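The chain that follows stands alone, in the form predicted on its own, written as C-alpha cells.
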C-alpha cells in the first residue's frame, strides 16, 4: 500500500512514480477498433501487444483482437521489414480484415523502421488484396500518452482514408475523442435527436459493448466503415470533441480536404453539454427538441436537490486532460472546490484551461500536467480533500487516506464493471455523475457518524 507516502513533495524531472497515464499504443489500438472490420497491428515485440490487449480487455471486459510483428533479437538489430511482410500476409490470408491499422512501439521507433516504405513494398509486390487498406500511426511510448496515441491513429484515418470528391454534402463530421462505447453512443443519440446528419469516427459502440450471443465475432457489427470515413472529406464541417484527442485529426482533415472544424470540450457536465448541443444545433440548422431540454431540466433539478451535500466540498481530480477539464467545470457548477487537479498527459494548455475555470477562488489549487499519482497523494496528505475522482489506480490513495470517498471515472477502470454500458457524457451522464458523487460522500457519512446521528434520511 501507499501508507508510507509522506506529505513532503519534491519536484522530480527525471522520475515518474505511478504515472497518471499509460502508453501511446493502447490509445492507437482503441482508436483502430472504432473502424468496422479493422484489425489493429502492433509493430514491435509480442509482449507489448499482449500488454496493450490485456489492458483494454480488463477495462472493457471484452476480448480485444490485435496482431503483432513479434520482434525478436534479429528484428531488433536488422529491422522489422521481414516480420511486417510476413505478418500482413498472414493477416489478410487468415483473418481477412478490410483495414489493418498498424501502430509502432518503443522498439520499432528506436530502430527507426520506415512503415510507409514497408507498405509501399507490400503493395508493389502485389501482396495487398484488392479493396483492402493499410494505415499506420507512429506511437512511441516514451512520448505523450494513450490520448496522444488515440489522436495519432485518428489522424492516420484522415490521412490514409479521407477523400474529397469536390461535392460538399449536407453532413458534418463528428470526432468523439477518447470515450467509452456508451459515451460514443450517447453522443450519437444527442446529435441524432437534434436532427443532425453526421459521420462519426472512430466509433467503438457495438464493438466493445456488444451483447452475448453465444457466437464469437472477429469483427463486431459496430465501427465506422471505410466508406463513411472516406466521405468525411466531403463534409461541410467537422465538430471535434476534446483538444488533445480530436483536434489533430480535425486539423489534418481541414488541411487535406478543406473541411473547416470547430472544437468543443467533451460534453461532461452541464456547461460542456450545453456547448456541444448548441454546436450541433447550429451545424444542423435546427432547434433543440423538448426531450433533450427535459433531460437538461432534470439535471438542473438534481443539482439543486444535492447542493446541500456538495457545496464547498474539496475535491482531488486526476485523469486524461479532455476528461478532466470539463469535469472540473462541472464540479464548479456543483459548488464544489477542485483543489488538486492532475493529468499525466503533457500539454501546456491544461493548466491554463483549468485555472481559467477555477477563477480567483481557485488560485491556491495545485494544477499540473505531466504529473504522477505520487505527487497527487503527497498533496492530499498535506492538504486533505473530501473526495477523490479518477481511474482505478486512485483506489490505493483512497484506502491509504482512511477510505477517502472515491468515484471511479475515466480510463482505465479495472476493478468495476458495466461502466462501458452507461454514459458519463451528456445530461444523462451528468446525472449519473451527480448520483455517484453524492452516494460516495453520504456512504462515508453513514459509515462514520455517531450512532445518535445515524438517520434513515440524510
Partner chain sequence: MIQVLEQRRAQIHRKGETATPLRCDRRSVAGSVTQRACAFCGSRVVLYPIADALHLVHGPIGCAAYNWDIRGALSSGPQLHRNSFSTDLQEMEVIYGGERKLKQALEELIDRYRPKAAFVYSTCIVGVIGDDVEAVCRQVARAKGIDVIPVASEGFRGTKKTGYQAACEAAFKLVGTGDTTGIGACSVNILGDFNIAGESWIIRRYFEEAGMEVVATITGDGRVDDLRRCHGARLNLVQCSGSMTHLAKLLETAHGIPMRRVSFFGLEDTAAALYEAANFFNDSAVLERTRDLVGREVGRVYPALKKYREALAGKRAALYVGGAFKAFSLVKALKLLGMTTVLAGTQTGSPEDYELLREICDDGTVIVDDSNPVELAKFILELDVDLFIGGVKERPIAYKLGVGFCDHNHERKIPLAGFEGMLHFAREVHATVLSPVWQFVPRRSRRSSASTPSREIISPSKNPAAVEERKGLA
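Note that the coordinates shown come from a computational prediction; the quantities given were computed from them, not determined experimentally. Positions refer to the first chain, counted from 1.
In what follows, reference is made to the form predicted together with its partner chain, a form of this protein that is not presented.
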Review point. With the partner left out here, if you bring back its partner chain in the predicted complex, are 4, 16 and 73 all within 4.5 Å of it by some heavy atom?
Key: yes
Review point. Is there a non-hydrogen atom of residue 403 within 4.5 angstroms of a non-hydrogen atom of its partner chain in the predicted complex?
Key: no
Check your understanding: Do residue 78 and its partner chain come within 4.5 Å of each other in the predicted complex, heavy atoms counted?
Key -> no
Exercise for review: Mark residue 236 yes when one of its heavy atoms lies within 4.5 Å of a heavy atom of its partner chain in the predicted complex, and no otherwise.
Suggested key: no
Exercise for review: Would you please decide whether residue 141 lies within 4.5 angstroms of its partner chain in the predicted complex, comparing each non-hydrogen atom pair?
Suggested key: yes
Exercise for review: Tell me, out of 32, 26, 389, 430, which residue has a non-hydrogen atom within 4.5 angstroms of its partner chain in the predicted complex.
Suggested key: 26
Review point. Of these, 83, 155, 345, 205, which has a heavy atom no more than 4.5 Å from its partner chain in the predicted complex?
Key: 83
Point to revise | its partner chain in the predicted complex: contacting segment from 281 to 289, 327 to 335, 110 to 118, 129 to 137, heavy atom within 4.5 Å | key: 110 to 118
**Study point:** Residues of 392 to 414 having any heavy atom within 4.5 Å of its partner chain in the predicted complex, listed in sequence order
**Key:** 393, 396
